[in-house]
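Only one chain is shown below, in structure tokens, and it's the form predicted alone.
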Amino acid sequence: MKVEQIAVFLENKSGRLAEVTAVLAAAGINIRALSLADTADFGILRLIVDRTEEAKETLRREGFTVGKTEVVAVEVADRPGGLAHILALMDEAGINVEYMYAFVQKSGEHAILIFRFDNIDAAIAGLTRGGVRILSGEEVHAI
């Protein structure tokens, strides 16, 4: 139950994010979730798209530096404590969260949390034992 994510390294200057989104739009690739983190000179754009391999190759052909990683997507109720429950399970299992981002599809229903863990297989086992719904890659890519 791992989800493929691409990471694009971007110079931290005006227009670079627009270039990535324009390249993906021209290829008909739909962005399902994203996160952008920056430093003084560079940023890391993390994307979950509907067609991972095609997005990766399309961006590489356009000169972008692109990597692919696996993350875990979990569904939680959209109410106070949803994230706290997941993080408590990971703390109990001794698993570190390297980064995360989240989105809500429809307020008041469910939130989708995207995690990168230091031990992804142990995290999946701990989440499963905790009764957490883990989304498949197909489910996330089709959102």
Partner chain sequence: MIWNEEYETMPREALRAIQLKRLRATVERVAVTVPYYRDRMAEAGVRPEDIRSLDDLTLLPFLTKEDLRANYPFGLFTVPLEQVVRLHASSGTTGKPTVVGYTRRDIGTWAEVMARTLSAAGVHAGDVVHNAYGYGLFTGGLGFHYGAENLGATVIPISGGNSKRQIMLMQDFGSTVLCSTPSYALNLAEIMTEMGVAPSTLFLRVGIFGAEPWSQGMREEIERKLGLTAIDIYGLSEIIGPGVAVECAEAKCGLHIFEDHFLPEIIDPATGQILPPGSAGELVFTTLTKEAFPVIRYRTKDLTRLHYEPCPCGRTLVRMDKVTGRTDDMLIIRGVNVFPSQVEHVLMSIEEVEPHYQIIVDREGALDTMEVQVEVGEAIFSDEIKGLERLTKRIEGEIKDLLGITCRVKLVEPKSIARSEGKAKRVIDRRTI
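Everything quoted here is computed from the prediction, not taken from an experiment. Positions refer to the first chain, counted from 1.
Unshown form predicted together with its partner chain; subsequent notes refer to it.
Between the options 127, 135, 10, 24, which residue brings a heavy atom to within 4.5 Å of its partner chain in the predicted bound form?
Exactly one residue meets the criterion: 10.
Which listed residue (100, 87, 66, 31) meets the criterion of a heavy atom within 4.5 Å of its partner chain in the predicted bound form?
Among 100, 87, 66, 31, a heavy atom within 4.5 Å of its partner chain in the predicted bound form occurs only for 66.
Site check 79, 105 and 141: each within 4.5 Å of its partner chain in the predicted bound form by heavy atom:
No: no residue has a heavy atom within 4.5 Å of the partner.
With the partner left out of view, is residue 38 within 4.5 angstroms of its partner chain in the predicted bound form by any non-hydrogen atom?
Result yes; residue 38 sits at the interface with its partner chain in the predicted bound form.
Verify the contact flag for residue 44: yes if a non-hydrogen atom of it lies within 4.5 Å of a non-hydrogen atom of its partner chain in the predicted bound form, no if not.
Looking in the predicted bound form, residue contacts with its partner chain include residue 44, since a heavy atom lies within 4.5 Å.
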